[in-house]
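Next up: a single chain in structure tokens, the form predicted alone.
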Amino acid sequence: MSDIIRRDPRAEWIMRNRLHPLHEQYASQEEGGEVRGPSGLIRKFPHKVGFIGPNGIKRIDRLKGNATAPKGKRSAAAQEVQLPLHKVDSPDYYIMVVADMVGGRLTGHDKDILGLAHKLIAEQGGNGAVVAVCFGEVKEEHFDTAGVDRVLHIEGEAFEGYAPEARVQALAKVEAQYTVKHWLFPDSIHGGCDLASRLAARLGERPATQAWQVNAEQTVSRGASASLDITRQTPKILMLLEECADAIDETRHEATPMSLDDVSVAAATIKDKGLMAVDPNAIPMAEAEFILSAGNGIHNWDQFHEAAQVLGATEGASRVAVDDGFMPRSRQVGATGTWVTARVYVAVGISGAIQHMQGIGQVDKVVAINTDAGCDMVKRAALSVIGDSEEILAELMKLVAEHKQTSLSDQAEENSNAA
């Protein structure tokens, strides 16, 4: 009798197909989580619960116990999965991440820096904790999965809006109260550079700017308009570029609140009088934070321009709208037009050609208004409204007008009470 092990192609196919009704039965019969591949070699079975991945972390089969779940639907078992808890008791030192918190939430840039903070702790050793320092209103609900061990929320009217003097005074008090090994700031247009420079001057430190490769020993920064790299010893204060490290996604953290004993600050000489009114269309699309973009589904162009004005949005367009002559070429969004990085991108009547989807790849939130619930733009969107664009834009302008009227009434009431 031959000792050759014969393959079972059907069994191999079932093992590879986690949605097959017999998948669990065949998987449970494999000893040690091993399967035999098409070449006859034994392979590890990565979907078996308890399998250790290449990074040493246990893999999770999110379809376990629900093999018949429809494709694209999250099972109840998947929603109950808890990431392993990273806990830090009685830290010896802290790494302070002063996040931009645009709109009260962590940005992708902030999350990259939180990942770098944990990388520095792993390289330097010791019992360190990562602290997210926040000012003003905070709406973030997922500090735990972003890698935050502690949250230091400094509140008060003095810290609202553009208040660099008050914030630097508070950060100096944080330096005096806690053992801080590093201060990490986003090198961004949202105030991180300004605040980091002021803190460095207050503490007498020489910061690193435009840093993009950082470890415990040395830092590589961009110089001469990003034409050369500058290497130096890693300082205490760093202003970091995006993608300086990988964001945390395999652990959850305590996000325990911290407090500052004294939040009193001296009177500021800089007063925030709000944002200056500018024409949204005067802002380059590559730098615009709020874009209302039109596609082939727009038929009332006068209404579209009015909606953009009411919303205070920069106008954009798909290639079809530009080719048809409704919008100038400078307003085209996509791989053959302008790549945008807006915080909010409202796509009206745009189905989502591949070139257009590439151009909005770095957009934070996409809102789709379309009549086709199955188009690619709706699939990409964080919020979708299915219906006639003309009716939806009309209702949207009505809601904005009501909101502005309510805000003016509240402001007038506050002024009268103050008087």
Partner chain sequence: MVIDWLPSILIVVLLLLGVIGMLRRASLWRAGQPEKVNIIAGLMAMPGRYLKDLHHVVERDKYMSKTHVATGGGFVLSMVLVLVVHVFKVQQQIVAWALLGALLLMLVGAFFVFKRRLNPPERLSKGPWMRLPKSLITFAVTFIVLTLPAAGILPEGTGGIALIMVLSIGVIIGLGELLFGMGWGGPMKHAFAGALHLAFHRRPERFGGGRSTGLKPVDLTSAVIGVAKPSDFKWNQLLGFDACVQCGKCQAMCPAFAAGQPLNPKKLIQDMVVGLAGGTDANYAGSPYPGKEVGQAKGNPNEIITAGLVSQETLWSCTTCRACVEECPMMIEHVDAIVDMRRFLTMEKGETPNKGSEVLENIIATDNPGGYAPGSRTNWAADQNLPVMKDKKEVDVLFWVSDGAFDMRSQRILRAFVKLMKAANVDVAILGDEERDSGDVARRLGDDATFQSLAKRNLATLGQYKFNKIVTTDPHAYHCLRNEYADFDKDGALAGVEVLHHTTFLNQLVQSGALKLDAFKGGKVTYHDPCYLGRYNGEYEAPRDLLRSLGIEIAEMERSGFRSRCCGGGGGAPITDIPGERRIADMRMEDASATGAELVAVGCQQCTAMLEGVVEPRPQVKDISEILVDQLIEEVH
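Take the two forms, find the largest set of C-alpha atoms that superpose within 1.5 Å, and that set is the rigid core. Because the structure is a prediction, the values reported are computed rather than measured. Residue numbers count along the first chain shown, from 1.
There is another form of the same protein, the form predicted together with the partner chain; it is not shown, and what comes next is about it.
Checking 312 to 320, 149 to 157, 130 to 138, 117 to 125 against the partner chain in the predicted bound form, the stretch whose residues place heavy atoms within 4.5 Å of it is 312 to 320.
The partner chain is not shown here, and in the predicted bound form it never comes within 4.5 Å of any heavy atom of residue 93.
Not displayed here, the partner chain is kept clear of residue 87 by more than 4.5 Å at the level of heavy atoms in the predicted bound form. Put simply, residue 301 is far from the partner chain in the predicted bound form: not one heavy atom of it is within 4.5 Å. In the predicted bound form, residue 336 approaches the partner chain with a heavy atom inside 4.5 Å. A heavy atom within 4.5 Å of the partner chain in the predicted bound form is found for exactly one of 264, 330, 179, 296: 296. If you take 173 to 192 and check each residue for a heavy atom within 4.5 Å of the partner chain in the predicted bound form, you get nothing at all. In the core-superposed comparison between the shown form and the other one, residue 332 has its Cα shifted by at least 2 Å. A movement of the C-alpha atom of residue 296 reaching 2 angstroms or beyond is seen between the shown form and the other one when the two forms are aligned on their rigid core.
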